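Given as structure tokens, the chain that follows is alone and in the form predicted alone.
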């Protein structure tokens, strides 16, 4: 296989669970969503299942958090403390600030009732009578869409007091965020939701014990919550049959960069990365007849991989769109599925400039609470600026590696890791491009390093 080969044709149309009715006119309205089978999961859960049985179905499904961490959702729910007389809360994390990730915004825009239905089912399972959807402040159109959808659901008796005569009560609110990346971290989100500055909390205690207003709280991603709807409709065991290994179900992927068909795709986990990039069913290959140079597979915070490592593992096996396969080889030769923000770079793109751009973002978005992150992100931005604009030295490359190690694992929240991993992986896999920038500073201002050897097939390591 060569990376510039003709596009593949997918053998089987992928099964869709969340975007099945995405193109149905008016699917954003309650009436049309209901006509397409919407809110059946609410009826099934409230009329035939106990909260514990709903949790058990989610456990059986193998659903893992779709926001980036990939922690088993049902297990997370089971950790929720249940002290007598203390309210519990479900908070939906719709902050979606990871560069390269836009799937949740897409879902909220086009099928808001899928999220509303998932919130009702999940809140019932957790025993929450008040729940919140925390939306990134810049997403005002989506906030208005969700508010209308909530009003429609409430008018139809699916929210409020005694839903469907079940005796279960639920009030659901949309809360605009302040537009800070750090508020995607669950405890910073809770601080912001309480009206405070969005700084991450020291854990423990974890939100499952002391979260919103010091009460037991579960924070889940938009896609994770929406996925509970097909799980309840079809059953956890049926959902688990989709995908492979511990990567079950479908996943929304935000595909961007130098692709013929960027957009949001729902894939069955286990799809080969090569097929996702090159098949006409998905991204349709690299734009303008160029060749693939590199991929960021899960949003800006995950390690970048050169073309020859994103398509195959070091063992020579096809790389799959799963949590396990993308991580194969650890950070030496693997990456992470993360939030599903899939960014493709063609042969004309500059890895140094891209790394500098990512680092500028993390420096700007650091809350400043932890010294390694506050100071380290700024140092990395300045050093990368030097290299990109022709003023760097070879020692700067080692300095970047050293600073990234000082940040990683030494902060309260994962933002430090998110800032360190792109820099460390870019140098690990593209060090010769960094060195070329230093040796040819003036030339690097006129042209990019090019494809070099990054697409060359690798000898399998057994």
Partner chain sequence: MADDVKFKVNIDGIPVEVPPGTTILNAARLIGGDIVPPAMCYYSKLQGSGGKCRTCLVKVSKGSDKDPRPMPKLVASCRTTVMDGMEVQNITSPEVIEARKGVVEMLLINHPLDCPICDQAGECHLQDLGYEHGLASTRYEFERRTFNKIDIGDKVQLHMTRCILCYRCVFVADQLTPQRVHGILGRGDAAEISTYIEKAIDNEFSGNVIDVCPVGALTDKTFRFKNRVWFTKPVEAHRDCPTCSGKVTLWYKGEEVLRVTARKDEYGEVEEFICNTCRFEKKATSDWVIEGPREVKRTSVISLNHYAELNPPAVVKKNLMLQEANKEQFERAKELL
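All values reported here derive from a predicted model rather than from experimental measurement. Positions refer to the first chain, counted from 1.
The same protein has a further form, the form predicted together with its partner chain, not shown here; the description that follows concerns it.
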> Candidate spot 368, 372 and 410, all three in 4.5 Å heavy atom range of its partner chain in the predicted complex?
Replying inline: yes
>> Just to be sure I understand the contacts: of 180, 143, 80, 350, which is the one whose heavy atoms reach within 4.5 angstroms of its partner chain in the predicted complex?
In response: 180
>> Under a 4.5 angstroms heavy atom criterion, identify the one residue in 208, 336, 273, 383 near its partner chain in the predicted complex.
In response: 383
>> Is residue 312 part of the interface with its partner chain in the predicted complex - any heavy atom within 4.5 Å?
In response: no
>> Taking its partner chain as it sits in the predicted complex, is residue 403 near enough to touch it, meaning that at least one heavy atom pair lies within 4.5 angstroms?
In response: yes
> Would residue 100 count as touching its partner chain in the predicted complex under a 4.5 Å heavy atom rule?
Replying inline: no
>> Taking its partner chain as it sits in the predicted complex, is residue 396 in contact with it (heavy atom to heavy atom, 4.5 Å or less)?
In response: yes
> Which one, 278 to 286, 383 to 391, 152 to 160, 350 to 358, holds residues whose non-hydrogen atoms are within 4.5 Å of its partner chain in the predicted complex?
Replying inline: 383 to 391
>> At 4.5 Å, heavy atom to heavy atom, what parts of 193 to 212 sit next to its partner chain in the predicted complex? List them in sequence order, or say none.
In response: 197, 199, 202
